[in-house]
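So this first bit is one chain, no partners, the form predicted on its own, shown in structure tokens.
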Amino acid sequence: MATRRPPLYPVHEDRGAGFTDFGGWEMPVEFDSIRAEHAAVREAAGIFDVSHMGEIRVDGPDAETLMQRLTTNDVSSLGPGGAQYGCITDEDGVIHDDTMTYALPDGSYLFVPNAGHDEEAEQHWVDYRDETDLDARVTNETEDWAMFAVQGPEAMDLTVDAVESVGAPLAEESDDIADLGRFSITEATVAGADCLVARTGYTGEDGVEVLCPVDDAEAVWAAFDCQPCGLGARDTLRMEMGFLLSGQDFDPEENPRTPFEAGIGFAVDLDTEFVGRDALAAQQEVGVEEQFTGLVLQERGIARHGYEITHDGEPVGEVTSGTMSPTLNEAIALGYLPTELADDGTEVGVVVRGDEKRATVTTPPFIDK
């Protein structure tokens, strides 16, 4: 399959960005330095091009039912302008992807699969719709939208400056984008373009995610005067918060995990009927054998994906994500441990290039947010 590029690839290239392949997309990984971009988001604001994320629209009479059956959270609780985090699971309750679902003002739903998962998600929705004879339309709009994340303590001030007007549903209550609540989305005009602005993000900071038509991407990107950031800083920021990365912290083939094992049981509503519900109800009844948690290395070294975690010299798990935290200047890691070893303060080891380093179990987030 050919590598996909975001609409602003030439703009990023001219800015001097380095690129990496991520989920079949050639995306900017770094503009200046990961540490500088990370600090900008923690201390001021930064803007990320996240156009590699998918966008699938679902509308029609049975749109709500279709979304309810294929995501783990209670979509029926969303009013127009609401947003919700959930998982897409199989009959065994294994996570195939995690996603944000937006209830748009026109009554349709827009959900956001991870990079490279849009075609798979579209097919999954279409197949289930056809099997269950639901009346809903499923449209993959990934190539129609550019998506940017503006994050940091100054992000909302920048958003107030950039947004020219707001539409439904916020305009019914206020015309000030600063009043947009967490996990909400509204129509808005930015640089003359009709956009969707959601107060969501993946960094632990306040801010927004902006969806705009690809033809308007350059003007909308330029409307936010702050540090451009790549996927490198996005990764260190999300790891400090303990946020999951699809394909790394869970993967249906390489590392199959349920939402309860992955520490996101809050995104599961067992009072709704969804694919995988019965398996997850059974797991909740007996409890999990392993759980997702964090580690802080107590000796010099950086834990990376796939490194062995030990206890009393015996292997007990693997690191799924690891980095040197720019905020803490400490090596942090994420991974799964047997439940009896997952309590804070438990001493374990991480094998870094053949040497076992002492580490302490620490429930994320690693920083105070």
Partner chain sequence: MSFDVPDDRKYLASHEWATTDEPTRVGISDFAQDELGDVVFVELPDEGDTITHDEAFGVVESIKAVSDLYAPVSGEVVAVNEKLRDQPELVNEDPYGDGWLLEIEPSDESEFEDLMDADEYGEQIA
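Residue numbers count along the first chain shown, from 1. In this text, all values refer to a predicted model and were calculated from it rather than measured experimentally.
A second form of this protein, the form predicted together with the partner chain, is not displayed here; the remarks below concern that form.
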Residues R57, L104 and R137 are flagged as a possible site; in the predicted bound form, is every one of them within 4.5 Å of the partner chain by some non-hydrogen atom? no
When the contact criterion is heavy atoms within 4.5 Å, does P326 count as touching the partner chain in the predicted bound form? yes
Taking heavy atoms and a 4.5 Å cut-off, does A39 contact the partner chain in the predicted bound form? no
With the partner left out here, check for me: in the predicted bound form, does some heavy atom of E318 sit within 4.5 Å of the partner chain? no
Considering only heavy atoms, tell me if I34 and the partner chain come within 4.5 Å of each other in the predicted bound form. yes
Report the stretch among 45 to 53, 333 to 341, 297 to 305, 310 to 318 that approaches the partner chain in the predicted bound form to within 4.5 Å, counting heavy atoms only. 297 to 305
